[in-house]
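Quick setup: one chain, the form predicted on its own, written in structure tokens, and binding and motion questions come after.
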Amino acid sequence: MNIYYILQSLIDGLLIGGVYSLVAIGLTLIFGVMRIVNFAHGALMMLGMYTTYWAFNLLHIDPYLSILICVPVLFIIGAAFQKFLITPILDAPEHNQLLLTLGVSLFLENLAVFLWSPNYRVTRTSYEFAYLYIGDLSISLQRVLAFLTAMVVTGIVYFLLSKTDLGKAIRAASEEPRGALLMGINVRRIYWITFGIGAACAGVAGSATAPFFPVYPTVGGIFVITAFMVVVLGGMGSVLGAFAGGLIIGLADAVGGMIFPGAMKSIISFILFILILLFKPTGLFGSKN
């Protein structure tokens, strides 16, 4: 096997791993604060992809600049989702929450089919075929931009949680909701803000992915399954764990693609997922509590 082929596969895996990280960050944030497994996360990412697609085709806004539109739009959608649908069932059994998020996912996907048809749409930028070259290695500019976006979002969310008053309130509401209430923190308000941030992260993931991935109503399902694996691998509730877990899954898929046929390339990722569940269920960066 040619060394350049191996290096090329690993680089591609690392870059797509950044995309997985980007999808997983919002998912792990929502779970870490509210302990809600959000099956609608992929549908929120899909809305981000459509927002970028239409901003590019109707307003001629570059996909990566359209992030400035996606963030407030998806934040409002996520905050409304939490405030009006999740809040009434926060104290309900977990399966009720799962069914609700699954139902919202199906609703959003079918709404997208109704509004925009099930057809695949492609965002064709002027730098669609632009590559960076290092010797004989070629690196897609679009995927590099998506990877850099993942790094920036990870840094922003980490800074928000660790260095700001809002972040301290979010962590307090996550670790001890009753204590946070006694300290004067409006926990319900923190919940919808957090859900809004998580949805905005999904929107950013959609914007970053739209330039090199087709846009269609059920596209989020492809990414959200991998995102759940990333969250478990990195540790439920850990933003840095989500970023590291995404890179690991991306590299694992790249190695799997070199060893196994295309349809079986994710077998190494699934093995890692099972091993983590068996021997370190809190994940690589998860809390022991």
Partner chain sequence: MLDINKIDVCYGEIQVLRQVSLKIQEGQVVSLLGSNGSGKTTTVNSISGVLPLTQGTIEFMGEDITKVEPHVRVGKGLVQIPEGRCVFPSLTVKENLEMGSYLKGAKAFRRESLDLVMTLFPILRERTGQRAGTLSGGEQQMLAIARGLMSKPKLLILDEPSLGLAPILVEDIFKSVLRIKSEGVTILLVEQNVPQALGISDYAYVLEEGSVGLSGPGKDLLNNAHIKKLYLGL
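Positions refer to the first chain, counted from 1. The structure displayed is predicted, hence computed values, not measured ones.
Below, we turn to the form predicted together with the partner chain, even though it does not appear here.
Interface residue among 72, 135, 184, 118, judged by heavy atoms within 4.5 Å of the partner chain in the model of the complex: 184. When the partner chain is considered in the model of the complex, only one residue from 190, 215, 79, 100 comes within 4.5 Å through any heavy atom, namely 190.
The shortest heavy atom separation between residue 124 and the partner chain in the model of the complex exceeds 4.5 Å. Taking the partner from elsewhere, residue 178 is found to have a heavy atom lying within 4.5 Å of the partner chain in the model of the complex. Among residues of the shown chain, residue 165 is one whose heavy atoms approach the partner chain to within 4.5 Å in the model of the complex. At least one heavy atom of residue 171 is located within 4.5 Å of the partner chain in the model of the complex. None of 195-203, 92-100, 144-152, 157-165 except one has non-hydrogen atoms within 4.5 angstroms of the partner chain in the model of the complex; the exception is 157-165. For the partner-free chain shown, nothing in 228-260 comes within 4.5 angstroms of the partner chain in the model of the complex, judged by any non-hydrogen atom.
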